[in-house]
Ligand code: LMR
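Take a look at this single chain in structure tokens; it is the form predicted on its own.
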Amino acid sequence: MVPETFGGLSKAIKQVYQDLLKSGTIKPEAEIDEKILPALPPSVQEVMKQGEVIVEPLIRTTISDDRGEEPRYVGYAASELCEKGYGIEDVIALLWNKKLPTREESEIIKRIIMISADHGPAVSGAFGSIIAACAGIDLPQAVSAGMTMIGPRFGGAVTNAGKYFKYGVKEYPNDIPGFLNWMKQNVGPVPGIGHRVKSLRNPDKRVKYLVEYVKTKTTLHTPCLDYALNVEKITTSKKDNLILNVDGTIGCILVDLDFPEYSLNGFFVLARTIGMIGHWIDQNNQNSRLIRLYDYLINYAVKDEREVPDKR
């Protein structure tokens, strides 16, 4: 018996069962006497309620709680945040820094995410996601391919820039040459300083915008950003492309916003995820084909074709 729709399956099963009962083909099983069933041990939850056992938690969380009617972010109900006009930038601050930001701080966070969302298809992260999309890879895996490109040469400088400029403010507040000498001896090039294309003559508009916005439109105290700008004055006197780049600018502003050092790269990861998803959608909308590099894009620095000798 096959029902016409999936919704009719339960009725069909019941009908078959009743027909088999009437024909005597089957007999109903006797009800099981619960008294003869073995007693099950109490559950962990029951024993905990009785106060007879303490269970060590597997993880500890201090940012969110989903045990009520809806998730709460550091105590604030998600729907109430929406109703009262808070945005994604406020949720980021709550979940990453456990503080509800001021309106000024929210606007800074929002602009950092907006200005970092994408940098075109040529950079390694976006290009990785595009190649994956053209290979028919699903969205999460394609974005993950792009995410794996984030590191010290692509976006990963945000954390280190904030970390070392913060160190300079603390240890070398009035001695920038001393800070640069310490960096040279202990770290290497200053993270957040330098750009392959941009320079004093061709400044990065993103950096210019963020610095001007924070300095003229907000009352944020910016010791870290000020320190980095003073470092830039010395580094650009040596070479005009040793400017404060967007990674360094974002790192310093976020330190001044009191975000933990280890959270800073998260802003780049979050922002670029927006762009990588966009590139994946774009390639799928175009039904793009699998990418294979053209020979002229590869420098085949190999030996000329030669005969394989007989095996000895």
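Being a predicted model, the structure only gives us computed values, none of them experimental. Heads up: residue numbers just count along the shown sequence, starting at 1.
Not pictured, yet referred to below: the form predicted together with the named molecule.
Enquirer: Sort through 206, 163, 72, 110 and report the residue having a heavy atom within 4.5 Å of the named molecule in the predicted bound form.
Expert: Flagged contact: 206.
Enquirer: Tell me, out of 154, 127, 182, 172, which residue has a non-hydrogen atom within 4.5 angstroms of the named molecule in the predicted bound form.
Expert: The residue from 154, 127, 182, 172 that makes the contact is 154.
Enquirer: So in the predicted bound form, is the named molecule close enough to residue 123 to count as touching (4.5 Å, heavy atoms)?
Expert: So residue 123 counts as contacting the named molecule.
Enquirer: If we define contact as a non-hydrogen atom of the residue within 4.5 angstroms of the partner, is residue 195 a contact of the named molecule in the predicted bound form?
Expert: Looking in the predicted bound form, residue contacts with the named molecule include residue 195, since a heavy atom lies within 4.5 Å.
Enquirer: Does any heavy atom of residue 119 come within 4.5 Å of a heavy atom of the named molecule in the predicted bound form?
Expert: So residue 119 counts as contacting the named molecule.
Enquirer: Judged by heavy atom distances of 4.5 Å or less, which residues of 263-278 approach the named molecule in the predicted bound form?
Expert: If the 4.5 Å heavy-atom criterion is applied to the named molecule in the predicted bound form, 263-278 yields 268, 272.
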